[in-house]
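First, one chain by itself: the form predicted alone, in structure tokens.
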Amino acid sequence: MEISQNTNTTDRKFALPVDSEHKSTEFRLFSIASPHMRAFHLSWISFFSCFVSTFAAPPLLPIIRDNLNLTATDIGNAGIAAVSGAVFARVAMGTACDLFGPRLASSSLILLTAPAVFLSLIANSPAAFLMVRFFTGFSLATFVSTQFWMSSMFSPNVVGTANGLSGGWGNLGGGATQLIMPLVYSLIHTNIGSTKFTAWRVAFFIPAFFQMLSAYAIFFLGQDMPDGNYVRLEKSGEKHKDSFSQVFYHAITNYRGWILALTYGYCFGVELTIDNIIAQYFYDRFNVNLHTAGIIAASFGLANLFSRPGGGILSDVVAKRFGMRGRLWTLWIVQMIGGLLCLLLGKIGSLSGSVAVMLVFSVFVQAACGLTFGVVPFISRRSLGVISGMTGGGGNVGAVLTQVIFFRGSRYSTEDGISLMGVMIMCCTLVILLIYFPQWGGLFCGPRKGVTEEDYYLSEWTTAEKEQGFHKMSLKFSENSRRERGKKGESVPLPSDKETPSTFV
């Protein structure tokens, strides 16, 4: 059934029910309806391909290590390089999404980083290996375009679900590559008869080619927003072409974005760290073979099939009854439990116990990622891309710092590093207590009396910009985000047309 929605210019029809912004109010997983569900499937598949490429090396490290004569420090530096490249790339990606749209920003980055994956085939020294991992890691910035795209396509009541599933299934690549690369290597080495030092190189052709195809799919099949691509919407006047300075300013001056960047550094950042170290950890500490270590490591990443999506879905479910305060409480509790389990993982000395704790830990730390991006879309409407980039970049910063402090060189054993990482998770999660939305409240305080969603989101626009109608998309978003009041807040009166002070953001 097609649902019709009237706009000022034309009568548009969509396959899914939509709100006043033409964002879908339903999430139909098995649909490929354009533009909403097609964007979902394109986003998670492309992000999946980037994850496979970025973490294609760790499951083959015992072979690569011997071929390139890598030391423990070389391996640690390469792991850091793989996630550090995306720190600034994610912030830049957020800005690019705000200014040019997620379709062009995402496809361009994926295509530009594919050559680095191909060049892994000819890496012949520790320095070359580090460089290809560094530039391949830039592709992880597509996470930001994925989350931005979903927030642009899906209404507040299902945005946590859409963000959780797209991000989680993309992150699934970190687990899938632990199975894919050893399998491809084995086929080339055993069936074709290549030497082991040639087989690992040829194996990199698979993720490189997959990544390149996903870039073309996004460019030719994707669409920026429900009503069309940025270029057409700006030419028709349906969308205001925003300025970089204003978009960037309203992002960096919103303290909530910085807090989520920090906490995301110790859920997603921890996930990236585990992806880099876990196969080698089980291989070295418990003397399992390469294939077994790969399967164990894969089980951590493959939990993204349901854990991160589960976090996003849980965020939407609790918001129906408890609003934004429910989203924040759930995030705080789940991430704290994840930190406790991480601490415990490093303390267990048996193989079976370590695997069991790792599996439960993976569910909580990945669910925390989904819960985080159940909150991110509400931080700022005008600067959504930059806020998403800051948060996503925070994940990479957390991964870099954690690996530099705990897993680089021989200062700490790997098991001690894992336990200390758990302590860091719990400490950094405490700052969620400081997040407060004047229109909805925070963990311990209710909303400020008389403050509405319009007060919060329209404060990002000047009086002159409002007179020109640039704020209309923020106004529609304000109306659609009233669900974040929760059940108790449904009786709050609707706002008047008064001017709003800029101190709310």
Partner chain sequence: MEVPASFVVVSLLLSCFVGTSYGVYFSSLNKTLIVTATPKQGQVLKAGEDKITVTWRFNKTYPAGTDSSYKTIKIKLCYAPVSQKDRSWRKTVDLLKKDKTCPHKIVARPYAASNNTFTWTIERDIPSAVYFVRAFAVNAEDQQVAYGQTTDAHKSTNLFEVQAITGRHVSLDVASICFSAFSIVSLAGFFYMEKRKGKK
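Model, not experiment: these values are computed from the prediction. Residue numbers count along the first chain shown, from 1.
Absent from the display: the form predicted in complex with the partner chain. The rest refers to it.
Worksheet item: Since the chain is shown here on its own, which stretch among 393-401, 304-312, 67-75, 372-380 would lie within 4.5 Å of the partner chain in the predicted complex, judged by heavy atoms?
Response: Only one stretch passes the 4.5 Å heavy-atom test: 67-75.
Worksheet item: Ok, 176, 231, 340, 262: which has a heavy atom sitting within 4.5 Å of the partner chain in the predicted complex?
Response: Contact with the partner chain in the predicted complex is made by 231 alone.
Item to complete: Just give me the single entry in 333, 119, 405, 183 that has a non-hydrogen atom within 4.5 angstroms of the partner chain in the predicted complex.
Response: Exactly one residue meets the criterion: 119.
Item to complete: Kindly indicate whether 196, 215 and 283 are, all three, within 4.5 angstroms of the partner chain in the predicted complex, using heavy atoms.
Response: Spot residues vs the partner chain: full contact, yes.
Discussion item. Since only the chain is shown here, I'm wondering whether residue 201 would be in contact with the partner chain in the predicted complex (any heavy atom pair within 4.5 Å).
Written reply: Yes, residue 201 sits close enough to the partner chain in the predicted complex that at least one of its heavy atoms falls within 4.5 Å.
Item to complete: Mark residue 352 yes when one of its heavy atoms lies within 4.5 Å of a heavy atom of the partner chain in the predicted complex, and no otherwise.
Response: Residue 352: no, not in contact with the partner chain in the predicted complex.
Discussion item. Even though the partner isn't displayed, in the predicted complex is residue 292 close enough to the partner chain, meaning a heavy atom within 4.5 Å?
Written reply: Outside the cut-off, so no.
Fill in: Contact test in the predicted complex: residue 103 vs the partner chain, heavy atoms, 4.5 Å
Heavy-atom contact with the partner chain at 4.5 Å: present for residue 103.
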